[in-house]
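For reference, the chain that follows is the form predicted alone, supplied as structure tokens.
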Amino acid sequence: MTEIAAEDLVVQRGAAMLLEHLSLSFAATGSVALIGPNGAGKTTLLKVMAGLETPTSGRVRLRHLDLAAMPKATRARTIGFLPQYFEPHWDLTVMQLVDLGAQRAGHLPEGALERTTTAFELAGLLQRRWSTLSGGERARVLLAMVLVTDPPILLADEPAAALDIRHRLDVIRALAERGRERSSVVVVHDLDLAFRFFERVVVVVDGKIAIDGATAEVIGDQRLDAAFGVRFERLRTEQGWVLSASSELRAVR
């Protein structure tokens, strides 16, 4: 059953075509890695699907309803959007920021705040202000703000970019495993993590879908090499797939 779908999306800003007649849907459950070269349109796609940007044409459908016609509060409860960059208007404490995220749901299950702050190792940071946090600490706070409400749909834009190796692995694994019960769509910069943890991989190039399929199918698709302009060597390990870019790819069209 489709939970959210982009239908013939076009996003044009001046002369730049950011999304070009792009259609894509995500089920109520499943883990999806969204990958592609820089400037491919991944962030724009997530923002439009979260209702944060208006497409030039086309629409986003949430179940059977047009997303643009839904109340903002309903969208906020249903779709959790995790931006790559975030800066609050005020220098709030970690506890205040997580509480702001919780207020989107109106009512949280008992213990949800405590479970969330524990999961993201924030117990010792709750009285710290945003301005005093490191990049990795800020990333964990942002994750807690979005996931404290346990939204049915998560759209995350490179959530692990500022994290150290251990936290990056933990976060990407947790977001992928969330797909067992929710819809989890994550822009992933590290291709090895994308192919290691996610069930489905969508490759975006020049505002269009270049490849969309099960991870095991996409890993062997030669269009993956063309999308990134390199020739990949593919190695299967006990932990999953490892990609090594061996040379620049010029001839593939």
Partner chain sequence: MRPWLILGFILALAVVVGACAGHEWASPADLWRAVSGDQALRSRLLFEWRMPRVLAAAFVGALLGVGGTIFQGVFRNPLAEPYLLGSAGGAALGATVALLVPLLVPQSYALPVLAFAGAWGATMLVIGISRVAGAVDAAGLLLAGVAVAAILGALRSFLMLALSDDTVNLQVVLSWVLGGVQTPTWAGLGVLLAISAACLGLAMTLARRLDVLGLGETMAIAFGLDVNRFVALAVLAGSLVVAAAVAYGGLVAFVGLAAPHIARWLVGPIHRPLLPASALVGAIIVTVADAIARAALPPAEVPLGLVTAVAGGPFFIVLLAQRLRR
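Source: prediction; values computed, not measured. Definition used throughout: the rigid core is the maximal C-alpha set that superposes within 1.5 Å between two forms. Positions refer to the first chain, counted from 1.
Below, we turn to the form predicted in complex with its partner chain, even though it does not appear here.
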Legend entry - in the predicted bound form, the residue from 128, 178, 168, 75 that sits within 4.5 Å of its partner chain by heavy atoms: 75
Legend entry - Answer option from 91, 164, 114, 121, heavy atom within 4.5 Å of its partner chain in the predicted bound form: 91
Inset, instruction - Name the stretch, out of 208 to 216, 184 to 192, 29 to 37, 47 to 55, where some heavy atom lies within 4.5 Å of its partner chain in the predicted bound form. - result: 47 to 55
Inset, instruction - Look at the candidate spot formed by 97, 100 and 142 and say whether its partner chain comes within 4.5 Å of a heavy atom in all three of them in the predicted bound form. - result: yes
Legend entry - Heavy atom of residue 151 within 4.5 Å of its partner chain in the predicted bound form: no
Inset, instruction - Find out whether any non-hydrogen atom of residue 156 is located within 4.5 angstroms of its partner chain in the predicted bound form, and reply yes or no. - result: no
Legend entry - Partner contact for residue 87 in the predicted bound form: its partner chain, 4.5 angstroms, heavy atom: yes
Inset, instruction - Using the partner position in the predicted bound form, report whether residue 146 sits within 4.5 Å of its partner chain, counting heavy atoms only. - result: yes
Legend entry - Large Cα shift (2 Å or above) at residue 74 between the shown form and the other one, core-fitted: no
